[in-house]
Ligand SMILES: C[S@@+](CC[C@H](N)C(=O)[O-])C[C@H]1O[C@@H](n2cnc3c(N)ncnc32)[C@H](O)[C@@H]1O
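As a starting point, one isolated chain is supplied in structure tokens, in the form predicted alone.
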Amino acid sequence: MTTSKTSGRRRLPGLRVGEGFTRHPFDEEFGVRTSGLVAGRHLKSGHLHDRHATAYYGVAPSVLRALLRRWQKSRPGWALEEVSFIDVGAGMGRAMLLTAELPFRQVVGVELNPTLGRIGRKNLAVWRASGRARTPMKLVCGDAVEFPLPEGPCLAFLFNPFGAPVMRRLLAAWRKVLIGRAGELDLIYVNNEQECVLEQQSGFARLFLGQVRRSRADAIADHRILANQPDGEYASTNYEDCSIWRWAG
């Protein structure tokens, strides 16, 4: 790890230009900091779940916006103003910023890594100051498995934040609090590598499964960013494999 000369804080590997860091146009347009690719092995917080972390990478804005539109057409049964949006593995908060442009009841992020969480909170402050946030936002640093779901309807977002062991624990924790709350939890799952874990869970009904294409601008940006990886560890396509689920009880 390297030390920032400007802040005196340690930076995660992958967040320096010499390590392949490239800014996404989203950050350049809005003056926030959500770019970078941090491999899961570098996301150390001291928690038992660290070893199941996948990587940090901000979701393509066009993919999330397309999925939110698709979800709204799925007849969730609740007005948007009644729904809490929960970003599981919020990272630096890009999904939170995008979603806060809609009038949700609240937008809450849960992030295990304290460095990502610290950057994310700064991004939220920038978003509020710009007037783009239409809903209250907060980012909690902690384990998503231990985070209590808010009362009332919720929409959870996961951009492949962790492996199957944590996914199973998360769904088990949610099931305990969702008894008698049919229809009060929907999931948007991007890069759905643990889709089989959800398929094995009774009580969840899948509403959508398929590929969601990036916009041309996002595809170009992501290809350029991932082409700068020193080790070429991750690949980019013009789409994301995604799914949407609903708790039916």
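The first residue of the sequence shown is number 1, and the count goes up from there. A quick note: this is a predicted structure, and the numbers were derived from the prediction, not measured.
The form predicted in complex with this ligand is left out here; the points below concern that form.
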item: Contact of Leu112 with this ligand in the predicted bound form (heavy atom, 4.5 Å); value: yes
item: Close approach of His49 to this ligand in the predicted bound form, 4.5 Å, heavy atom; value: yes
item: Contact of Phe204 with this ligand in the predicted bound form (heavy atom, 4.5 Å); value: no
item: Partner contact for Phe104 in the predicted bound form: this ligand, 4.5 angstroms, heavy atom; value: no
item: Heavy atom within 4.5 Å of this ligand in the predicted bound form - residue from Val59, Leu68, Val32, Leu185; value: Val59
item: Proximity to this ligand in the predicted bound form, single hit among Ile119, Ala144, Val108, Val83 (heavy atom within 4.5 Å); value: Ala144
item: Candidate stretches 176 to 184, 217 to 225, 195 to 203, 51 to 59, one within 4.5 Å of this ligand in the predicted bound form by heavy atom; value: 51 to 59
item: Neighbours of this ligand in the predicted bound form among 74 to 93 [non-hydrogen atom within 4.5 angstroms]; value: Asp87, Gly89, Ala90, Gly91
